[in-house]
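For reference, the chain that follows is the form predicted alone, supplied as structure tokens.
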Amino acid sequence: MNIKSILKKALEESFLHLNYSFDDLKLDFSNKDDADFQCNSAFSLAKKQGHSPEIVANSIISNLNQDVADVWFAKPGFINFKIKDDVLSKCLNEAVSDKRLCLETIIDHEKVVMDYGGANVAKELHIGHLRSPIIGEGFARLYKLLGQEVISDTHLGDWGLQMGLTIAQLQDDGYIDGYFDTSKKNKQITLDTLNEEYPKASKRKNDDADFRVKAETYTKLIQEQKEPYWSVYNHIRDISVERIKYNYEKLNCHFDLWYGESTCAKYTDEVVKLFVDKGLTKEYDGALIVDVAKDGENIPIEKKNPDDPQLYKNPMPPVYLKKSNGADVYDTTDIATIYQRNQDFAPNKIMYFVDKRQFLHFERCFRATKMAGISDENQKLEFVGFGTINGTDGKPFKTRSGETIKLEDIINLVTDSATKKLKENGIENNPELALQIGIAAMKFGDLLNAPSKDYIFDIDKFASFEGKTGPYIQYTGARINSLLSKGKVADKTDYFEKLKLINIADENQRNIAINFIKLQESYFACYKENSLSSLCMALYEFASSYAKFYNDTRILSEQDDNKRNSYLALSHFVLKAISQAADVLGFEIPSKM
């Protein structure tokens, strides 16, 4: 039962009877204490009808079926609805016995490829890699819950200059001699080795021109799968991917595909030829480019000095398909990846969860794929850009020494904080539970914000068992688990779900029911807004409404069996709803805290 849909249908029937346009129909949750929903349509209709809002509102009310809610007029032109208690009871009893809690699905079914994670091979995961898997995983789960087909791909950065740089440095430091001379032995390469070698190479390329040329040459040889560079490359990739998977699994992030930029390599020549054959390319400084600027972009600004380099207004750089040495670049591989995904999956939509500073890169690639017909006009290419994570000083979150903090250190930080909180609650030596709570703290703290916003990483605030935090949601669920265990409900799940025992009988229970309806609506708000913030807020309000009921009601000591069973059935229902929402956000509800 979708109460908001029922009210909307009743309003539509009244509008149809009065010959009012559905374009003016507005139904929202009310912020008044005495009403659950509010319709403000009378204001816009009054102007069209030449009557006062009061007359129009009362004409709508007089044609409304009032079986679901009590309806009344409120000045100057509002129509208020208060859902009847028996209707709320019926709504919750239907939901508790349904696996999806009667959550509707999106009518327009889509196959969606989601690109998130984006870790780079041979590089240590750091805090800059945190938001993509958290946000992307949340949306993958949301889309699946709403009935969409999702294919998630981490799209590893495994094909760029960092690979050539790393191999060149490993060679200079004697790690891979055996690959070039069988009479010699290779040194053992570990993740720690790569964490030392790549930063060294990255810094070195800025001061050593010969080394940079060597690294660029090695990059091209890797892309051509030339030995022994190809074997070294695969060895490095395997070492990195194993650790990347380990850290993503700790974050409770899972992928259908572990593809990388290398996966689309076999398509790059085909894609480049497609652009060339369509006459979309031109040469610039030895490189092959595609101009993707629209009218009004790349407009020259009048020079003050004829010798100054040309500047542009609203610059839209071209797409680079080939470097001057013939190597592929990020533009090439990202466009070829879209081509590959369309060949393999033919998705209706491809979504990218990437740092918002990458917007221009993806906008250029999206335009190029549309120009070349790689992505047809009906396919949606969406960029969901996220902001940075800052410390409490408002600056990008770093170590005390000023270095970028590792992702693994972030996970350890939130886990240690959770360990201390658990110790205060009398629970010690439970690292698995501490990790669960730490991940919830981190994820909820992130997703509470719109993706595009920067936010402050405040571990003390995020890990609190009170307020708008993941641990607060978990604590509410753990409380209910404990209650149901004491009430011996665990053995009677079918009994509490099938007998429809929930009976809404007071204001606290009403608030739980109304906040559940808001929670269900928030899933669709998140789908439209490309932000999970609405779900976080609705989940917090829902958990808070149950907390008030829990604190104000003697549940287990209630002597009236009907009331006691209703309270326990309601608690069981709340736990299911909290667990469903938490699962979308990517964290678990523990049995105790």
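Keep in mind that what you see is a predicted model, and the values were worked out from it rather than measured. Quick note: we count residues from 1 along the sequence shown, nothing fancier.
What comes next is about the form predicted together with a small molecule, which does not appear here.
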item: Contact stretch among 347 to 355, 173 to 181, 439 to 447, 194 to 202 - heavy atom within 4.5 Å of the small molecule in the predicted complex; value: 347 to 355
item: Partner contact for residue 364 in the predicted complex: the small molecule, 4.5 angstroms, heavy atom; value: no
item: is_contact(residue 430, the small molecule) in the predicted complex, heavy atom dist at most 4.5 Å; value: no
item: Residue 129, heavy atom within 4.5 angstroms of the small molecule in the predicted complex; value: yes
item: Close approach of residue 330 to the small molecule in the predicted complex, 4.5 Å, heavy atom; value: yes
item: Sole residue of 118, 477, 138, 451 within 4.5 Å of the small molecule in the predicted complex, by heavy atom; value: 118
